[in-house]
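Coming up is one lone chain in structure tokens, specifically the form predicted alone.
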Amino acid sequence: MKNYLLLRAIRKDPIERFPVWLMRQAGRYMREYRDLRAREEDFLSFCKNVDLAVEVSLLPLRLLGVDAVIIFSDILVPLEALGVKVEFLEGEGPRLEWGGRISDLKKYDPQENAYVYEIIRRVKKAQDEVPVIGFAGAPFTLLSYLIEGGASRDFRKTKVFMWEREFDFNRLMEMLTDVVYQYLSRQIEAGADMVQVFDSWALHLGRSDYEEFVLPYVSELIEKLKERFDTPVSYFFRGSSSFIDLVRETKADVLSVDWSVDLSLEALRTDKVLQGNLEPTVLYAKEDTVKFKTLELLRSIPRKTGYVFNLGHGLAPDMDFDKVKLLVETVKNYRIN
């Protein structure tokens, strides 16, 4: 196995510094990304253009010096393979259309996402300095997009569907759990060194609903992956402070948490690898503040390995590239005593 810093930290081997990578580390805040994006008509075509997606994936390694490359794609692409119409409207975000009945969805063929696996193979071929991370949306987050038809402020349609159509909700969650399992399995087979499951919309649920309606499927997904592969699995879940004690019981190798969690306390109560969790809004502050808040978090980590630096959510398009670079350099210059 390659002696990558990220994987050493996940194995809890001795490390000289904490590894750093960032969610949405390739994005519109980079001029180079914008130049490449201009070469495709729409966002989904951009994701499917393997040559461009490989270039975009590698930008953060070249420009920021991060310790991992997460492939450039989108969590919604497997839904297209189910027959869902997915569009990204400028300034509005994703819009999804389907018949509204589970019977309207096609049987998932992972080969319809073959371009994603090719991106992984090509990124690995292009560099061997750092590990390559694959990813997928968690079943509940994908279901939410289906029911809402896009993003939502309160996810009321999803919640009512969950409460009043429990049988259909469970059928759809079972289907999506299998889809994500197949999709991530193919990514691992293509060479992904780690995979991350994004449950971005879990924060809209109360604890009891998360425990009843979401956790069983997340647990099943991760357990099936771990039964088949040695590849580390990271689970990112917003609303982390509400659910972290529940999620600790899953077989996830890495718990990637939002900024609501005090890692200096949680790290003492779990032997899981922790990832996170700087408040992304810090990057809108002055450079001195960015550096201070980054060091403040690093100094609060009460462990010398088994931790990966990241943000509590993804980078935003209007962030300052120079501040993102300062953040990465601050982490890389911080030595573990």
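Note that residue numbering begins at 1 and tracks the sequence as displayed. In this text the structure is predicted, and so the values were computed from the model without any measurement.
The same protein has a further form, the form predicted together with a small molecule, not shown here; the description that follows concerns it.
Peer 1: State the residue from S200, N113, T158, S234 whose non-hydrogen atoms include one within 4.5 Å of the small molecule in the model of the complex.
Peer 2: Result of the distance check: S200.
Peer 1: Note which of W98, F213, F88, F229 lies within 4.5 Å of the small molecule in the model of the complex, where distance is taken over heavy atoms; exactly one does.
Peer 2: When the small molecule is considered in the model of the complex, the option within 4.5 Å is F88.
Peer 1: My question is simply whether R37 lines the interface with the small molecule in the model of the complex - judged by any non-hydrogen atom within 4.5 Å.
Peer 2: Within the cut-off, so yes.
Peer 1: For G306, is any heavy atom within 4.5 Å of the small molecule in the model of the complex, or not?
Peer 2: Contact with the small molecule, no.
Peer 1: Does any heavy atom of F140 come within 4.5 Å of a heavy atom of the small molecule in the model of the complex?
Peer 2: Contact check for F140: no, nothing within 4.5 Å of the small molecule in the model of the complex.
Peer 1: Although the partner isn't part of this model, could you tell me whether H313 comes within 4.5 Å of the small molecule in the model of the complex, counting any heavy atom of the residue?
Peer 2: Taking the distances in the model of the complex, the answer for H313 is yes, it comes within 4.5 Å of the small molecule.
Peer 1: Taking the partner as it appears in the model of the complex, which of 68-76, 213-221, 113-121, 161-169 has residues with heavy atoms within 4.5 Å of the small molecule?
Peer 2: Contact criterion met by 68-76 only.
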